[in-house]
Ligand SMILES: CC(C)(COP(=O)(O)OP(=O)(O)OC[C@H]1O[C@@H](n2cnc3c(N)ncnc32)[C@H](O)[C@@H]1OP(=O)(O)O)[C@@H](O)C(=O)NCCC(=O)NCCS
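Take a look at this single chain in structure tokens; it is the form predicted on its own.
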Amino acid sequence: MINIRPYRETDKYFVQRVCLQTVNDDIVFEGLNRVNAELFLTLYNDYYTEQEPQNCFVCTNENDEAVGYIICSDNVKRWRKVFMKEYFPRIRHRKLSEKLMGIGEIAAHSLFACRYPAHLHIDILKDYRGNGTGTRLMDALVAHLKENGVRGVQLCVDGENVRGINFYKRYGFKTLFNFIKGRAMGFRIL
């Protein structure tokens, strides 16, 4: 039985594990190169659980361990400011292509911040996909954002992630912009 609930600090290890395992489903969390793990957690995970845990939800298994999540910043401008000050320095020493991942993420979300002030990341372990869990996570976040007066939410998705793109379209997301390797998509809440 999958349960959807707000994120708790005790979920941090499991949320990080899901983040790293879903980068590439063949990666084993404990075996992932520590340097690469730092990059992915810095870019796609740590800010949200550390700075905006109230905007994060998890799906848990029968042991109450997070097997998926939806994490969000409800204000792109605030996220960009804090991310550049506190998180980007963690990856400044990295090669240019890796730093550009972070800069690209900031630029993409900033383009649409007026109309879609929130942005999200959603990941679910492979064995827990395809049973409505993604929709339930999205419903929990959208209800939370609506309750807090957030007008819209956006995301970036890899262009080769056809399953993800189709999920977002079915949910009601519209393509905002196509990049070389992906696309920005947005969902109006209010």
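One-based numbering along the sequence shown. Worth saying up front: this structure is predicted, and the values here are computed from it rather than measured.
As for the form predicted in complex with this ligand, it is not shown, yet the points below apply to it.
Comparing 36 to 44, 49 to 57, 146 to 154, 132 to 140 against this ligand in the predicted complex, the single stretch with non-hydrogen atoms within 4.5 angstroms of it is 132 to 140. In the predicted complex, this ligand sits within 4.5 Å of a heavy atom belonging to I124.
Contact check for F14: every heavy atom lies farther than 4.5 Å from this ligand in the predicted complex. This ligand is not shown here, but in the predicted complex it comes within 4.5 Å of a heavy atom of Y168. Shown here without this ligand, the chain has no residue in 68 to 107 lying with a heavy atom within 4.5 Å of that partner in the predicted complex.
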